[in-house]
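Next up is one chain by itself, shown in structure tokens, the form predicted alone.
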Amino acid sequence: MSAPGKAGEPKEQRLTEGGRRTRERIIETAAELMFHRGAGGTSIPDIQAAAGVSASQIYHYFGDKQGLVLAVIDHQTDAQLARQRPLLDSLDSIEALRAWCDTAGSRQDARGCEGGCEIGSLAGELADSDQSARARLVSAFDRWEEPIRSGLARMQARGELSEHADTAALATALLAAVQGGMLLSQVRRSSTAYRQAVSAVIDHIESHLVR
């Protein structure tokens, strides 16, 4: 086994093409299982069986289960951001903010509001029990919030949003509404709570527009 790098992760290593594909298959399999069962409810043998790999391969690529959990957080963050582009790259109008949030609401409806947010679910489970995972989740949410902050900052720079508007706070409020709304929607099996939460925050952002 290679020398450890980040907590719970082996030192970065050069992989063959076959090794890269195997590593990605393990991560994708683990991500799917953890989304439905939680990290704590997903064992290494579960991942072995579903991915068709040996335990030694998992430990070779990730060091231990914690290393795999961190890789899953990165994978889910990358997938979440990729799925939301190009909308994420153009959140510089009220219409764009509403369209972005509505797209996420429609995705929840299509899933019957089951499962919640891939990143939020991991955060709810791991934030108090795994400090390495919590630190990685902080980075994940920062990456998600950054396009919102940037879009609001562009609106402000163009003179469309009041110079007194705290764009960082507004971006955090919108992301919090997304997360809290998804959780309530998951529990209630209806996207109504999500749509109400994000709409209320976007209405608040709209109140800062320069008339």
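For clarity, every value in this text was computed on a predicted model and none was experimentally measured. Residue positions are given as counts along the sequence shown, with the first one as 1.
FYI, the form predicted in complex with a further copy of the same chain isn't displayed, but the following is about it.
For D142, a non-hydrogen atom is located within 4.5 Å of a further copy of the same chain in the model of the complex, even though that partner is not displayed.
At a distance threshold of 4.5 angstroms between non-hydrogen atoms, R83 is out of contact with a further copy of the same chain in the model of the complex. The closest heavy atom approach of A55 to a further copy of the same chain in the model of the complex falls outside 4.5 Å.
Proximity of A51 to a further copy of the same chain in the model of the complex falls outside the 4.5 Å heavy atom cutoff. Heavy atoms within 4.5 Å of a further copy of the same chain in the model of the complex are found in exactly one of 134-142, 102-110, 73-81, 87-95, that being 134-142. Within 4.5 Å of a further copy of the same chain in the model of the complex, a heavy atom is found for all three of A173, L184 and V187.
Contact with a further copy of the same chain in the model of the complex, defined as a heavy atom within 4.5 Å, holds for exactly one of Q66, Q156, S150, Q179, namely Q179. In the model of the complex, the residues of 107-138 lying within 4.5 Å of a further copy of the same chain by at least one heavy atom are, in order, E114, G115, G116, G120, A123, G124, A127, D128, Q131, R134, L137, V138.
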